[in-house]
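Given next, in structure tokens, is a single chain: the form predicted alone.
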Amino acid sequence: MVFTLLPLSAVAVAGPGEGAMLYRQNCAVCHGVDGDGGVGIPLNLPDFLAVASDDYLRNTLRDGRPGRVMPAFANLSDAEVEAIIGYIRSWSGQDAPVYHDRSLHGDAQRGRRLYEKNCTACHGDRGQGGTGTGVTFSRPREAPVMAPALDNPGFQDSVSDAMLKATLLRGRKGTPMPSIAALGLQEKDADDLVAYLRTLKMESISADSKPLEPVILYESEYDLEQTLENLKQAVVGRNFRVIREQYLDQGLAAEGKEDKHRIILYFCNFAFLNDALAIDPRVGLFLPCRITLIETDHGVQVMSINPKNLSRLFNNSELDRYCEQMHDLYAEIMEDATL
């Protein structure tokens, strides 16, 4: 394996202030203000920055990780991408590695046996990564960093064979990832492992391009009070707990001046909530469940967000099943309340 180091001065094309600002705007919410990680993996680990090429970072920003949390930042200009990379690089003070060889020639079948023995516990039997979508949970978990999906097309397209090998040789301190030497393996074993990793293919991601309605909407023939009571009964009848009801403009309008014709009903099933949060904590933005009632001159409208949009918004195919369940649940509850 041959690689050289690119001087830091050749990396950033914008000032450090611009790179820091762009990082805070686009990356910090997941990866932490200082790159310590959070929803996303930590980026400031010395062992990661020592092997991560600028090409890898550049391609990752452009391609994202389809089906997991990392989006593709098509909105950023080339100069803005370089500024973010320069800022990330500044955390380590290390020069950027540049890999010259494009491919390695290992034994994929032997690599598969090595992978099954040494890698499946963290990265999954098919390279699918840790449970969920690569998120880091604030609650206790088995490992401090969620193992990435090695079969992900965004990862496969971003990483070079040489970077994969360098990662295997070095390991990653601060994560469960050991060096292959620590596993009693040799450099040739790294070649075989890389050859096998290149055979991994992610299961197809559903990509429904049809536009989805942003809300689920029903019309009620009952008055507002009766529709609200019907909703509560339908919610409880499906093993959900009513949490509270409030006026839509509560906290915005002066107390006692709220619009009494607009009400939100909040409800929750905590087992369902925990399952959804385990897949993607950002779902918490839309939980607990809520349905809005609006009384107009023509009747009462009953509406909620369309959960089918969530996996699309979050780039998270694993949410599909829960989004389908929640969509059907909302529809059933609102239909029962308005019939």
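From 1 onward, residues are counted along the sequence shown. Remember, predicted model here, so these are calculated numbers, not experimental data.
The form predicted in complex with a small molecule exists for this protein as well; it is not shown, and the discussion that follows is about that form.
field: Partner contact for Q301 in the predicted bound form: the small molecule, 4.5 angstroms, heavy atom
entry: Close contact is absent here: in the predicted bound form, Q301 is far from the small molecule, nothing within 4.5 Å, heavy atoms only.
- prompt: Contact between N26 and the small molecule in the predicted bound form at 4.5 Å, heavy atoms?
  reply: Yes.
- prompt: Using 4.5 Å between non-hydrogen atoms, is P214 touching the small molecule in the predicted bound form?
  reply: Answer no; every heavy atom of P214 is more than 4.5 Å from the small molecule in the predicted bound form.
field: Touches the small molecule in the predicted bound form: P71 (any heavy atom, 4.5 Å)
entry: The answer is yes: P71 has a heavy atom within 4.5 Å of the small molecule.
task: Please name which of the stretches 262-270, 219-227, 189-197, 244-252 has residues with heavy atoms lying within 4.5 Å of the small molecule in the predicted bound form.
output: Comparing against the small molecule in the predicted bound form, the contact stretch is 189-197.
query: Which residue among A96, M202, I84, A162 has a heavy atom within 4.5 angstroms of the small molecule in the predicted bound form?
result: Result of the distance check: I84.
message: Please identify the residue among L45, I305, I294, L277 with any heavy atom within 4.5 Å of the small molecule in the predicted bound form.
response: Spelling it out, the residue with a heavy atom inside the cut-off is L45.
query: Is every one of M146, A149 and T175 within 4.5 Å of the small molecule in the predicted bound form, counting heavy atoms?
result: Affirmative, all three are within 4.5 Å.
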